[in-house]
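Just one chain is shown here, as structure tokens, and it is the form predicted on its own.
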Amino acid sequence: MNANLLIPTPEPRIARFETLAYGMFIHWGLYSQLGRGEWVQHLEHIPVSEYAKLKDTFTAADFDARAIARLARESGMKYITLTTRHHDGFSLYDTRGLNDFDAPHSPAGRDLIAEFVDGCRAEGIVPFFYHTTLDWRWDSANCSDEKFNEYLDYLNDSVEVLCANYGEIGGLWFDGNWSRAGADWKEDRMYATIRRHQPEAMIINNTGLDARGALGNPELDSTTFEQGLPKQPNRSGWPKYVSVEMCQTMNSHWGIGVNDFNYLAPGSIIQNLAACRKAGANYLLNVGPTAGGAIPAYETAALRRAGDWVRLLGDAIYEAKPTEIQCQGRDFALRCGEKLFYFVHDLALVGDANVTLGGNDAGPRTLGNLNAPIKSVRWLDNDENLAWTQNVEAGIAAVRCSGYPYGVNLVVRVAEVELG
């Protein structure tokens, strides 16, 4: 084989990131007080001076960082990415003299990122920092080159504040370079600043809706799929192993939309998480806290319910890796050591026809390109052993998948296949 076509080995920080698997994204800031999404200032043409008055009513009265981290943990999430500063330029952290447009200079009167980091560590959650590169207060998308370079100095100094004052973090997640296409964003300088303070931090820079999965600066550690299911990349010949992450909203907004009623159901969350892991991608699912900083009730309940499903699977979500095994329909198999985790979709209920909807879809399902001999197959949720047959030489197996008993529907059911 040509050495140039080998798949590179992931650096330790990237390998660790992939085992985090499932994270919470949080978009929260001044815009949350208006309840019309995080782009409200731009879309409604609110003057910068008028919008800035929202700082005077920002209290963070309901922000409990540890409770949010506990919710993430109980929902099966391993990390949280929080907006330390969004496009409106308001910082949830102490900018330490760069300006006074930050949480410590608001009625909140405190460094909310310090609280966030402490809360995450108390609950065993890895903290990540979102930081905008687009800034409407600076008019960074349209200002002169001279002012833009001044802005980049400010941006670099802001990132250094985050990297130097909160201990070890999981990574930084940037967003906004697409706003000034073709500009020299001085990425090398900013990433060098991060590496100087946080050598093990993931560096991610969102490529946006129009460039999902695109590679960027060589220092970046993950591609992004914003609001779109990821595809497993062919990393053959890549100079560096780069991971994959999909970020998605619970409704149609990143920041809270009080009149947005179109939320993901727990079943959809489960299917999307499974689809991400099929591609070896992390799933970063967003919530939009209230003006005071609390996670709304529906989002809390939906995350907890999906978390019940995650607890049934254990290592299947976090440690297992994609395989080349061929499955029917949306089914797929992940591998962890000498075990396969077989994710089965569209499995109907079985039971009395007078009360059971969906018919009987129990029966054999085939797996191809499977040359290792099978020792046993069982459902993870109830330990039921499943019948199977296999032709090892042909690389074909069939598993008789029992349907859901009445009162059960896991959306995606997972079987553990022990190999021998």
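In case it trips you up, residue 1 is the first one in the sequence shown, and so on. Keep in mind the model is a prediction, meaning the values are calculated, not measured.
Unshown form predicted in complex with a small molecule; subsequent notes refer to it.
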| item | value |
| --- | --- |
| One stretch from 81-89, 164-172, 262-270, 287-295 that, in the model of the complex, holds residues within 4.5 Å of the small molecule by heavy atom | 81-89 |
| Phe129, Thr193 and Ile203 all contacting the small molecule in the model of the complex, non-hydrogen atom within 4.5 Å | no |
| Any non-hydrogen atom of Phe101 within 4.5 angstroms of the small molecule in the model of the complex | no |
| Interface membership of Tyr318, the small molecule in the model of the complex, 4.5 Å heavy atom rule | no |
| Proximity of Glu115 to the small molecule in the model of the complex, heavy atoms at 4.5 Å | no |
| The small molecule contact at Tyr93 in the model of the complex, heavy atom, 4.5 Å | no |
| Selected contact from Trp379, Tyr51, Trp388, Trp39, since only one has a non-hydrogen atom within 4.5 angstroms of the small molecule in the model of the complex | Trp39 |
| Selected contact from Trp178, Tyr241, Trp185, Tyr151, since only one has a non-hydrogen atom within 4.5 angstroms of the small molecule in the model of the complex | Trp178 |
